[in-house]
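The chain that follows stands alone, in the form predicted on its own, written as structure tokens.
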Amino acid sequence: MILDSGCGEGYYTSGLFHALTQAGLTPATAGVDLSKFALRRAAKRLPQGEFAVASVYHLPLSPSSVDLLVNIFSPLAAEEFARVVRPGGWFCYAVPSPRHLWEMKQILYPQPYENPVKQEEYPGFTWQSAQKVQGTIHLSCREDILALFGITPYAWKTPKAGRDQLAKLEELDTAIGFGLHWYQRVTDQ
């Protein structure tokens, strides 16, 4: 089973399911999130998946029932993840790179800061590798700019002046970047 922890509207959940299906596999796919609204959209996007309202800190799954747990920009609950990922299974953790959304941050803050990035060790898992994903996106309208802003942590902690500056933009080109950190569940002794 594949579990998307903090799946939101199921964008990545659906992408994983379809990529694996195209590779000839038939994955059981599930997602959890706190938002009932988002989960309704996820279920429409991927009718083959199972979605449940749950905190990442209390996953409604049996121990060792997950082959791959994916966590993309969501809260981390390493102990709970270790409980549900089977020995030998995988945990993929996406974290923002130092200059993820840098040009947006330059508008939001007088002195933008780089995101801290470091390789972490988590109990029950062994770090295997990290893959970097980088690029630039072009947002061609105010609605898209504000929608992207709204799904970031900056939406909660940006001063009003920064939000007002961003709301004036009609388009924005900004860097995107994140690391996919791969961990393997240790085999129980």
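Numbering starts at 1 and follows the sequence shown. Keep in mind the model is a prediction, meaning the values are calculated, not measured.
Another form, the form predicted together with a small molecule, is not on view; read the next lines as being about it.
Worksheet item: Would Ser74 count as touching the small molecule in the model of the complex under a 4.5 Å heavy atom rule?
Response: Heavy-atom contact with the small molecule at 4.5 Å: present for Ser74.
Worksheet item: For Ala54, is any heavy atom within 4.5 Å of the small molecule in the model of the complex, or not?
Response: So Ala54 counts as contacting the small molecule.
Discussion item. Residue-level contact is defined here as any heavy atom of the residue lying within 4.5 Å of the small molecule in the model of the complex; does Tyr12 satisfy this criterion?
Written reply: Tyr12: yes, in contact with the small molecule in the model of the complex.
Worksheet item: Thr26 near the small molecule in the model of the complex, any heavy atom under 4.5 Å?
Response: Although the small molecule is absent here, Thr26 would stay clear of it in the model of the complex, with no heavy atoms inside 4.5 Å.
Discussion item. Considering non-hydrogen atoms and a 4.5 Å limit, which listed residue (Gln128, Ser62, Ser35, Gln131) is close to the small molecule in the model of the complex?
Written reply: Checking each option against the small molecule in the model of the complex, the one that comes within 4.5 Å is Ser35.
Discussion item. Only one of 159-167, 141-149, 26-34, 119-127 has heavy atoms within 4.5 Å of the small molecule in the model of the complex; I'd like to know which.
Written reply: In the other structure, the partner sits against 26-34.
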